[in-house]
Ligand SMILES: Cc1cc2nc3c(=O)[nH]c(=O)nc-3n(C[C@H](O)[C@H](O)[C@H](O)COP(=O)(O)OP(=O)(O)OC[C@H]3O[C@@H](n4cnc5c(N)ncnc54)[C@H](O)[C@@H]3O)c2cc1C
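So this first bit is one chain, no partners, the form predicted on its own, shown in structure tokens.
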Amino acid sequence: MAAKIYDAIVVGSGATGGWSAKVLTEAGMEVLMLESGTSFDETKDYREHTLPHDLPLRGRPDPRNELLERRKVQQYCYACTEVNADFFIDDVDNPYTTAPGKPFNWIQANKVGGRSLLWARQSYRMSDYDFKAASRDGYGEDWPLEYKDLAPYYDRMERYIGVSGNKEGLDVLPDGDFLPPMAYSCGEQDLKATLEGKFGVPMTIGRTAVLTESRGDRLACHYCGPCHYGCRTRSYFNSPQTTLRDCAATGKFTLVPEAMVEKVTTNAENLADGVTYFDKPTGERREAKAKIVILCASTLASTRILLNSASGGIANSSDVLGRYVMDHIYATGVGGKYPKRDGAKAENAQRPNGIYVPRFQNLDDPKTHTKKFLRGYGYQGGEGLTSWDHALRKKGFGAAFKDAIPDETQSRMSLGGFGEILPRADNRVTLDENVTDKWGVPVLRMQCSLGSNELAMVDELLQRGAEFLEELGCKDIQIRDNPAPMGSGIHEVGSARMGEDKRTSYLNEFQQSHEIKNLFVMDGASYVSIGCVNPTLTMMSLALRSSEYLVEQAKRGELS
């Protein structure tokens, strides 16, 4: 019996894969979704109310926990614990390599829904300071689209996923269609007044994909805290509880978990005709056929598939594939004790959100210009009121140690920097033909590092952050001045960038291959530059735009 030919194959079930499949199935197309992670059951997999005493090892990173021992890289992410280690990929079965002196942390999910189950949900729009950055400072390339092209899709995305926030009227951080914002703490109100009154630097509450008003069977957040363990009230956006349910309701959707895609296959007409994949439990290699192939496996996973699909990478005459990898400067910032608030009653319970200080460097106002670096950075953070966590910053034991710990709440203010990493051709990934994964597929070799522009940016964000907290009245200010390896921000993008010129880009503005017209890459791989805001909202909005373009092209017979 001949294999079934689907209208489209979508590889990956996360934020963008869910959107692409939703658009296609609701347009009447039959979609096969292949997901390398295990199946998802919210009644069993969500563990947001799990407490340490419920766990055999009390939630500690104990070497007796085999799941965690096989996830040494994944444990860099704060969300990977004894509670939900199975949500993360097994590093032993799924290795990668790095170039000497260039460490890289690649955090990957292992569940239907991908990292949409685990993300921090910060949802900001990019602006023309980002899309047209090259026209402003002469570095790199502009995106082949501008803000006005994506704005209607941002609107629709925010309405569907539910983004809470304040409108601020800033060109660098366009406003959206927001649910009511979460509240600042009193200390954060002080910080906002200091930043805006003393420095002319704006601050807003985080814009987050967490409901502050109920919508159907998605309930308003009740601030229970550990969102990365799941959300049975469906308060935060993830694909299994939203877009994938919409797909299933069409009757046009087939989801296959534990299906690790190896490569894209093509026919004699230079069209994609399907993929090969491994059934992970059995190790059996299988084929799936479709008229259109869409990769949404995540930036580097999609790039690995493309590199494995042909010598030198499929449809890669530009030699762009694998290059211009970006992330955000991560793990640098400042924190300090805020004595004014010591003894205060904790507010907002475990609010799943912080504050955001948008980029304030190199904007139109000449006063914002700096010769130290190109582009800019923002801060995320806020106030933390603790009744005992401050003991963790001290050393000791016994009665004397306990007596030395204040018995009142303490306030600490933090500003963590998120800075733009410039696109560089030498920040790239290639295949390591000498190392394969459990299924015999060559793995990625990461060759990525921060450059001089990023290091200059780190110096300033630390200096300014300390200045801000000192003016606020913070004491015991601590500086985190050692940037984490690339990948650590879990915002990796680039490696199959879009552009108007097929000689210098891999995809067009609709995330369609320049060389294979029915091959699309609808995840962060298409990014031209990263800006300094969290990327997922833009990724999903691009996927929505591209998927609707795909449907129209398919109807016209332009993809066959």
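Numbering starts at 1 and follows the sequence shown. What you are looking at is a predicted structure, and each value in this text was computed from that prediction instead of being measured.
Not pictured, yet referred to below: the form predicted in complex with the ligand.
The candidate spot formed by 37, 79 and 491 is fully in contact with the ligand in the predicted complex: every one of the three has a heavy atom within 4.5 Å. Residue-level contacts in the predicted complex: of 115, 359, 412, 125, one residue has a heavy atom within 4.5 Å of the ligand, and it is 115. The partner is absent here, but in the predicted complex a heavy atom of 15, alone among 550, 542, 9, 15, sits within 4.5 Å of the ligand. The ligand in the predicted complex is not approached by residue 334, whose heavy atoms all lie more than 4.5 angstroms from it.
For the chain shown alone, residue 20 is not a contact residue for the ligand in the predicted complex, no non-hydrogen atom being within 4.5 angstroms. Taking the partner from the other structure, the ligand in the predicted complex has a heavy atom within 4.5 Å of a heavy atom of residue 121. Of the heavy atoms in residue 203, none are within 4.5 Å of the ligand in the predicted complex. Only one segment in the set 462-470, 297-305, 397-405, 310-318 has residues whose heavy atoms sit within 4.5 Å of the ligand in the predicted complex; it is 297-305. Residues of 245-278 placing a heavy atom within 4.5 Å of the ligand in the predicted complex, in sequence order: 259, 260, 261.
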